[in-house]
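Let's start with one chain on its own, the form predicted on its own, as structure tokens.
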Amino acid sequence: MSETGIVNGTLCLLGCFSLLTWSVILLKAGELVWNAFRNHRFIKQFREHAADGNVDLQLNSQATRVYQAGLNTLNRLPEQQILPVDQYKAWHELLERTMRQQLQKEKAKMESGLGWLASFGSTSPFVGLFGTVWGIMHALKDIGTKGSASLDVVAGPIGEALIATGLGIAVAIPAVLAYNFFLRQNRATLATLEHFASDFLHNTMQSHLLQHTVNDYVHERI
């Protein structure tokens, strides 16, 4: 390829980087808003109906999936049977591990796509710099061929070569800003889900403790 072709190829590559960057940003922004809305609805519903267990599992959200994972573990408990305290403790540990595993799955889903933003943000300036260096080399070669170093001969080609560096920086800035923003939002979302899982575990432990206390009281009265 000629020097001009390499510079043009670099500009096209940066254009593709920019298109992919904004595509990921828009997709992750929509996903973030949608998850926040649905999580808020389900957690509000859970807190209002935690006592009677009348929770709508049809609402597809991250909090719903964490709740469903814990509920599947609780459904394996023997029905109509009061277990010893040690066995309840083991089931509570299993419940906590199950929900924590689901939280890790949700975290992995939230972080999907962020690697592209990190890659574009870190490599775009260097790709642009490569195009600039190659363009300047081409410009200097033309200057040497013409045997003139006047301003009108130097300024045009070098100015065109610097476009690649400017475009590389223009691609990198939104990628880095978006990457940091989504990381912060993901940490906040994960903290909300962890608090929800803790509330669910606390309610379950409290229910089992009350059930065991009532059973002991009944046996003592008998």
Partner chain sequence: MNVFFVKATAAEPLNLPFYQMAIAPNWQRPLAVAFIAVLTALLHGLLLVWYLNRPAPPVVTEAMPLPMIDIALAAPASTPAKSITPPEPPKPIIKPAEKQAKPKPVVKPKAKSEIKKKIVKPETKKAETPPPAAPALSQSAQVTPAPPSPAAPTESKTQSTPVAKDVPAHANAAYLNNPKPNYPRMARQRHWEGRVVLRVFVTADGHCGDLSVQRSSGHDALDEAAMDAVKQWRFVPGKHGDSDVASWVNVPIEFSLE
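Everything numeric here is computed off the predicted structure, so don't read it as measured data. Positions refer to the first chain, counted from 1.
Same protein, other form: the form predicted together with its partner chain, not shown, and the subject of what follows.
- Of the stretches 39 to 47, 190 to 198, 175 to 183, 22 to 30, only 22 to 30 has residues with a heavy atom within 4.5 Å of its partner chain in the model of the complex.
- Here the marked residues Ser18, Asn72 and Lys105 all reach its partner chain in the model of the complex, each with a heavy atom within 4.5 angstroms.
- Interface membership of Ser119, defined by any non-hydrogen atom within 4.5 Å of its partner chain in the model of the complex, is ruled out.
- At the 4.5 Å threshold, heavy atoms of Thr132 stay clear of its partner chain in the model of the complex, well away from it.
- Contact annotation for Leu94: at least one heavy atom lies within 4.5 Å of its partner chain in the model of the complex.
- Residue contact with its partner chain in the model of the complex: Ala90 places a heavy atom within 4.5 Å of it.
- Residues of 112 to 131 that come within 4.5 Å of its partner chain in the model of the complex, judged by any heavy atom, are Ser112, Gly113, Trp116 in sequence order.
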